[in-house]
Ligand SMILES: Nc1ncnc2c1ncn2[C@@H]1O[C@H](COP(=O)(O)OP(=O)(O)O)[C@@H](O)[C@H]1O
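Only one chain is included here, represented as structure tokens and corresponding to the form predicted alone.
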């Protein structure tokens, strides 16, 4: 039997845990079109919360409603990537005017073809994109652009956000959905050139509830006619910690351990969870720890005595430093998604099993 779990970054799971309400809002936004606030959305969450997979799901909802979708990552060359993808996705809908003479096959005009007198070589990105949006709008087709791993230090990310504001003002049928770590999104929203993005709908991807994780586990294994014992299901839910990626990792190894058995036992769950934790440590925790500076590590170690949430004052005291000094490392760790802010100016480890890992390696 095929393993129904997919612990690969960005792959949409066979059963999505949680996020139903968000996808419902996005579907309605694509149905309603211009004017719906959810057309400008930002997904915010630490590593492992399923941001990339959720972007794919949102793209699927858009296509159901007759939109085309292009996906990119915040990096150099992303603007040209959006043009190229848009032309390719819209090719069946956009047709060149019959009175124009085909002169080449270089990207630069509608359909990726160069048409004499249609688009001048000196046309900038905004003009080229406006031409595509105008043609799509004539056929009542919307364009969704999704951007993963947003970073304010990528100039083209800021340019896209600025141009998007103009497209909205011009009543284009367009949607922009961004996804990123909490700190990176915060930096972008405070950037003076794209302050209008603060009005975008911000969807914070919190940890998924145990109830929804349990339901997703149960439905996923039932696809291949298997069942969890009650104890095994409890163990799998607890090991997932409410994180989408960890759930897929735990499910994958438990399934592999169960073999041809119809019922997933407590013994299979225990061994599968052990393997998942090793894989998560090797693939996520080790690399995360190696990338941290000495000061970052000292800050995280100083959080250990707190049972759940930490305060800057307490952490600074344990480090033997001032709050001002410690706040520098707090900001760095928030930006990288290693810790996450909670209510009342408190914060906590953002990555599953990170506390136990730090306690072992410090």
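Residue numbers count along the first chain shown, from 1. Just so you know, these numbers come straight off a predicted model, no measurement behind them.
Absent from the display: the form predicted together with the named molecule. The rest refers to it.
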property: Listed residue (47, 297, 317, 332) with a non-hydrogen atom within 4.5 angstroms of the named molecule in the predicted complex; result: 47
property: Region of this chain that lies against the named molecule in the predicted complex, out of 59-67, 39-47, 297-305, 324-332 [heavy atom, 4.5 Å]; result: 39-47
property: Distance check, residue 248 to the named molecule in the predicted complex, heavy atom within 4.5 Å; result: yes
property: Residue 11, heavy atom within 4.5 angstroms of the named molecule in the predicted complex; result: yes
property: 4.5 Å heavy atom contact, residue 3 and the named molecule in the predicted complex; result: no
property: Heavy atom of residue 17 within 4.5 Å of the named molecule in the predicted complex; result: yes
property: Stretch 183-214 - residues with a heavy atom within 4.5 Å of the named molecule in the predicted complex; result: 208
